Structures are given as structure tokens and as C-alpha cells.
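Next comes just one chain, in C-alpha cells: the form predicted on its own.
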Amino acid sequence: MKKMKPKYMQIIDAAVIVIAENGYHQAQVAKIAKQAGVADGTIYLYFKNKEDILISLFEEKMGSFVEKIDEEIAGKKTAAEKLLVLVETHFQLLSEDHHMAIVTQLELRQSNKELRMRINNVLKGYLQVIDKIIIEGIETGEFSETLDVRLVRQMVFGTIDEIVTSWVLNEEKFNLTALAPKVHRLLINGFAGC
């Protein structure tokens, strides 16, 4: 029920900005409350602590991310087209949200092991979308039947993730979305020849 209240998303959105600008460890709950325009105590009506805010932030944003990608690939006929849309959408969504890109690419990785495990659980929905595309490509003969789905999933996600991280670390000096067709071509060529 808490997630349905407007202040919940207000706090989540504020947390993205505060964590991106200050780093996770320096992002005090008071700063998040101030950015959200709520009293410090209000935060604790919705979240247990700062870790809970980070996990909730990732759940909400990743959930929206997966929904958007599912919507975008729904009308595509081939696995190759769906993969291109996935790469384009991933790059586009993060290039449009500077703060979220910093949080996902830098700050989430600096959390403790337990927190990273919880984040990995949230990531499963996204990885399942990649799996569905790969399996479809194998079943239709677009991709080699000898592909190892788990290995390919890691390759796809790792490639996309590393390019976005490089873009963030290079202070967004190159056009991220313009790289999508090149990345897609490299991946597809690898899938066909295995």
C-alpha cells in the first residue's frame, strides 16, 4: 500500500538525485528528505533505512525499465529485432536519466555483499527478458542452436552494462544511443557463428 502513495515515489525520485550527486555512503536520509520536500521522519513511514531506500529505488526503476522494454519489443517479429530494441531502449533510458545512470552504474556496485545480492534478485526480471529473446532466436534458427543461453545472457548484459559504465565514467562525452546498432551487430554476428 505504501508504494501507491505519492510520497513514496517522491522519495524514490529524490533518492536517485541525492545518491547520484553525493554517492551512496554520503547520501544521508536527511538530504533525501530535503530533496523530496518531506520531513525526515516521513521517510521512515515508507522505508526502514537507507539500504531499504536503495533496494526500493532499484526495484521501482528496474520494474519500469523491464516494462518499457517489454512494451517496445512486443511488436517486433524476430529475435534479432527484439535484441536491437532491448539494446536501444537500455541505452536510451539511461542516457535520458543522468542521475539514474550514475546510481545504476556506479553507486549500486559500491554497496555491501548482502545488498548486492538483493539487487541481483531484482535484476532477474531483466535477465529473463534477455533469455526469452535468446531462446526465441535459437528456436527460430536465427541464432546458432549450440548457444549456451546463460553464457550469451551474461555476454549481452555485460556488454551493454560495460558500455553504459564507460559512458558514465567518460562524463557522457559520446552518444550512447548511437552505439546501439553497432553493439547489436557485434552480438548478432557472434550468435550466428557459434
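It should be emphasised that the depicted structure is a prediction, and the values quoted were computed from it without experimental measurement. So that there is no doubt, residue numbering starts at 1 and follows the sequence shown.
Not on display, but discussed next: the form predicted in complex with a further copy of the same chain.
**OP:** Heavy atoms, 4.5 Å, a further copy of the same chain in the model of the complex: which of 27-35, 151-159, 41-49, 60-68 makes the cut? Say which one.
**Re:** Among the listed stretches, the partner-contacting one is 151-159.
Original post:
Considering L93, I119, I73, L106, which brings a non-hydrogen atom within 4.5 Å of a further copy of the same chain in the model of the complex?
Top reply: If I apply the 4.5 Å criterion carefully, the residue I get is L106.
**OP:** Give a yes or no for N112: in the model of the complex, does one of its heavy atoms lie within 4.5 Å of a heavy atom belonging to a further copy of the same chain?
**Re:** Output for N112 is yes: heavy atoms within 4.5 Å of a further copy of the same chain.
Original post:
Might L147 be said to contact a further copy of the same chain in the model of the complex, defining contact as any heavy atom within 4.5 Å?
Top reply: L147 belongs to the contact set for a further copy of the same chain.
Subject >> Contact label in the model of the complex: I163 to a further copy of the same chain, heavy atom within 4.5 Å >> reply: Yes, I163 lies within 4.5 Å of a further copy of the same chain in the model of the complex.
Subject >> Heavy atom of L83 within 4.5 Å of a further copy of the same chain in the model of the complex >> reply: L83: contacts a further copy of the same chain in the model of the complex.
Original post:
Going through 29-55 from first to last, which residues have a non-hydrogen atom within 4.5 Å of a further copy of the same chain in the model of the complex?
Top reply: Heavy-atom contacts within 4.5 Å come from no residue here.
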